[in-house]
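Shown below, as structure tokens, is a lone chain in the form predicted alone; questions about how it binds or moves come after it.
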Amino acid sequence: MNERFEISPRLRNTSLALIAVGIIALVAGLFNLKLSHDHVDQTRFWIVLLHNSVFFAMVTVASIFILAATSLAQGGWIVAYRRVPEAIGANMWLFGGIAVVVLLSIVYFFQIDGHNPIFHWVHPDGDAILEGKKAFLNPTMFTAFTVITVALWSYFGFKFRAISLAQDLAPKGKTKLYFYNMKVAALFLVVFCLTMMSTTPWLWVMSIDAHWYSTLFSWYNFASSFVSGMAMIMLWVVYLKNQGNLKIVNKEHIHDLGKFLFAFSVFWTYLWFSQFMLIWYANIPEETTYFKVRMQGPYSIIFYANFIINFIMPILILMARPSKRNYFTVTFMAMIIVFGHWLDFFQMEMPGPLGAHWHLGWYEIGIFAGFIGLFIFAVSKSLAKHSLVTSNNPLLKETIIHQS
């Protein structure tokens, strides 16, 4: 069962080329920042970095959540490719670390004329609403929550992978580490509920529009991140299969992943509609202002594209059983879903600081490409270090004979 993955020159060169594109875009953005005194350009530079760093950090932690949830559920179906989410989760320190640097740089170092254009609560300046939220929305609280959250996520990302590797070396038939992994999973889910399912999206994303709030917002972020995380796992599993690895993975496992892409696209839409419908129906001005700029303003094209890409396409293409078992179809839809939810985070974060002056040009696409390249490079390095198939896992036989 010992399968080793070797990084192909094509994959390595592709990842490095994408990283180079990201670096060039970042350097060009910095150069433009020094030359331009336009407040929009300065804000754009930072909000694009925030958008991508937060998106990839949340997608990465989604893989850790998937490991924890399937461990507690004793799901045998994922054991065949468990090393993929483990490799993604093990890089939480990298993407979480980037997010920490970007977020804290914005809070402490970015201001224009004494104001922070992205996180307005940093300088309330007598704003009654922001002053009322000051006990929670302040730099000290933001820093503490951000650093502790990323540190805990990174720890569990390492921990799940370490336990899995230790299980490979354990005496055959021993289940001590298997049940210890379940305890760690239970502890992580508590942490996950107190961070990703509540405080973290409030601080990192919702506080950009600090006058507005939604009690569904964290669930909405979770759904977007989870389905993107599943899409990333799908892409890696299909790629490894095409490279001749993961021999025990078959169309039954691919079908399971396809069902998750379909089901959680519907779940995301349920939350999207629930949040929108309640605000639309109540028609309270301080609530509707959030959707007015997105639905009727300059972001309307992104708003409707978001719905089409993340709901209409998955429900039409992935509903049929054969489509969830077709490698080309699921790969295409996984890429579409990742891009669609990247757009979802774009429309969540851009209107607050940029208003009508939004862009989707060379800088946005270049930074996105850089993060994709870094993701490919980091995960492929992790995958290449150890066997792609877990050994001595009590559910290994179950995953081999699994039928969807």
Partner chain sequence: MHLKYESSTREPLVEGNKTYHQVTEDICKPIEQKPSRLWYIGFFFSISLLLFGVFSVFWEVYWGIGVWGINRTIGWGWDITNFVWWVGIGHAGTLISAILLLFRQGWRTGVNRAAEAMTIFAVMCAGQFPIFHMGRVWDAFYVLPYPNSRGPLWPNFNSALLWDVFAISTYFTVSLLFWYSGLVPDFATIRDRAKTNLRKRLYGLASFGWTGTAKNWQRHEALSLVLAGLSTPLVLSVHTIVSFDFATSVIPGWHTTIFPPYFVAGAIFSGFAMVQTLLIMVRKIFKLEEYITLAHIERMNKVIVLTGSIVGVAYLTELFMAWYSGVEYEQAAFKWRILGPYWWSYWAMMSCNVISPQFFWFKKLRRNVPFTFIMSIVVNIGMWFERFVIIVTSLYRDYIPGSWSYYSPTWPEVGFYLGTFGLFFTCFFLFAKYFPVIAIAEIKFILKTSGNNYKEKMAPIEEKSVEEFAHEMEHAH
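Positions refer to the first chain, counted from 1. As the structure is a computational prediction, the values presented were derived from the model and not from experiment.
Another form, the form predicted in complex with the partner chain, is not on view; read the next lines as being about it.
When contacts are defined as a non-hydrogen atom within 4.5 Å, all of 178, 274 and 397 contact the partner chain in the model of the complex.
For the options 162, 112, 278, 148, the residue carrying a heavy atom within 4.5 angstroms of the partner chain in the model of the complex is 278. A heavy atom within 4.5 Å of the partner chain in the model of the complex is found for one listed residue only; from 123, 133, 292, 251, this is 133.
Partner contact region in the model of the complex: 198-206, out of 198-206, 298-306, 231-239, 102-110, criterion any non-hydrogen atom within 4.5 Å of the partner chain. Looking at residue 325, you'd find every heavy atom of it more than 4.5 angstroms from the partner chain in the model of the complex.
Put simply, residue 316 is far from the partner chain in the model of the complex: not one heavy atom of it is within 4.5 Å. Residue contact with the partner chain in the model of the complex: residue 332 places no heavy atom within 4.5 Å of it.
Using a 4.5 angstroms limit between non-hydrogen atoms, residue 287 touches the partner chain in the model of the complex.
Heavy atoms closer than or equal to 4.5 Å to the partner chain in the model of the complex belong, across 198-224, to the residues 202, 206, 207, 210, 212, 213, 214, 215, 216, 219, ordered by sequence position.
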